[in-house]
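Below, in structure tokens: the form predicted alone, a single chain.
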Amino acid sequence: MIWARGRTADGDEVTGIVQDGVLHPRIGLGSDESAGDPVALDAVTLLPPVVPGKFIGLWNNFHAAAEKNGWSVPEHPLYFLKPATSLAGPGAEVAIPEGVGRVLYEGELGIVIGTRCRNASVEAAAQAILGYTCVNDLTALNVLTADESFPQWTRAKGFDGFGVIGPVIATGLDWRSLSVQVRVGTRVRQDYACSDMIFGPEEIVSQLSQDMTLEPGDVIACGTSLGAMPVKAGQEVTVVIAGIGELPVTMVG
């Protein structure tokens, strides 16, 4: 099943299920209850498929990246929070703030929570996952490391538009079979298997639910692997995950 959120020509925001090129409105994400007449998908401007209450990102969650960079394998998921104002959707223009230095793209698999969970077992956590989306976790690298006394994770990853998700949420996927690809223009710059994760989605959700209550609509970016590189104004960056789709943004100065 595919969930999407978009804006109609009349300016209405619609969340619903996509079938055969048609968006069938629902009263909310994950609901079976209709909220109006179907709308042709090509008549809708796609928005981020969900507005998360919490937008969580992982760091150092892939064996290949940990090995190359000499990082130890963490005992618990290492994570940060991105502010709501960082949210952007497919086709957005994302401004590189003046003076921040290098900005990296990071293509990632995103988990979307479907049901409230707290202190969940791995089995319960699996049931709490609604589906998956694409994420581009943009990062101002120079900002992150500017102060030796305190890595600035929130500031570096929290600029407006630096949390790109979409184009849709896909349910029923086996995350172990997925790969994340990032194109800059037409050139593939990242291409890695999700099966290389240190913590898989069910374990991520279980572990994080011991720290905080996870609510429907929360998004967790699973972290990135090798190939994250700086991007410049004027370049189009597209995250691609088969079964979910393509998530393009254009960087602007």
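Because the structure is a prediction, the values reported are computed rather than measured. Numbers follow the displayed sequence, beginning with 1.
Just so you know, the form predicted together with a further copy of the same chain exists too; it's not on screen, but the next bit is about it.
Peer 1: Establish, in the predicted complex, whether W59, L78 and G158 all lie within 4.5 Å of a further copy of the same chain, using non-hydrogen atoms for the distance.
Peer 2: All of them do, each having a heavy atom within 4.5 Å of the partner.
Peer 1: P74 near a further copy of the same chain in the predicted complex, any heavy atom under 4.5 Å?
Peer 2: Yes, P74 lies within 4.5 Å of a further copy of the same chain in the predicted complex.
Peer 1: Taking a further copy of the same chain as it sits in the predicted complex, is W153 near enough to touch it, meaning that at least one heavy atom pair lies within 4.5 angstroms?
Peer 2: Close contact exists here: in the predicted complex, W153 approaches a further copy of the same chain to within 4.5 Å, heavy atoms only.
Peer 1: Report whether the minimum heavy atom distance between A84 and a further copy of the same chain in the predicted complex is within 4.5 Å.
Peer 2: Heavy-atom contact with a further copy of the same chain at 4.5 Å: present for A84.
Peer 1: Should E93 be counted as a contact of a further copy of the same chain in the predicted complex, where contact means heavy atoms within 4.5 Å?
Peer 2: E93: no contact with a further copy of the same chain in the predicted complex.
Peer 1: Ok, D191, E215, E203, E67: which has a heavy atom sitting within 4.5 Å of a further copy of the same chain in the predicted complex?
Peer 2: Here the answer is residue option E215.
Peer 1: With a further copy of the same chain left out of view, choose which of G185, G28, G53, P38 has a non-hydrogen atom within 4.5 angstroms of it in the predicted complex.
Peer 2: The residue from G185, G28, G53, P38 that makes the contact is G53.
Peer 1: Looking at 143 to 151, 172 to 180, 107 to 115, 126 to 134, which one sits within 4.5 Å of a further copy of the same chain in the predicted complex if you count heavy atoms only?
Peer 2: That would be 143 to 151.
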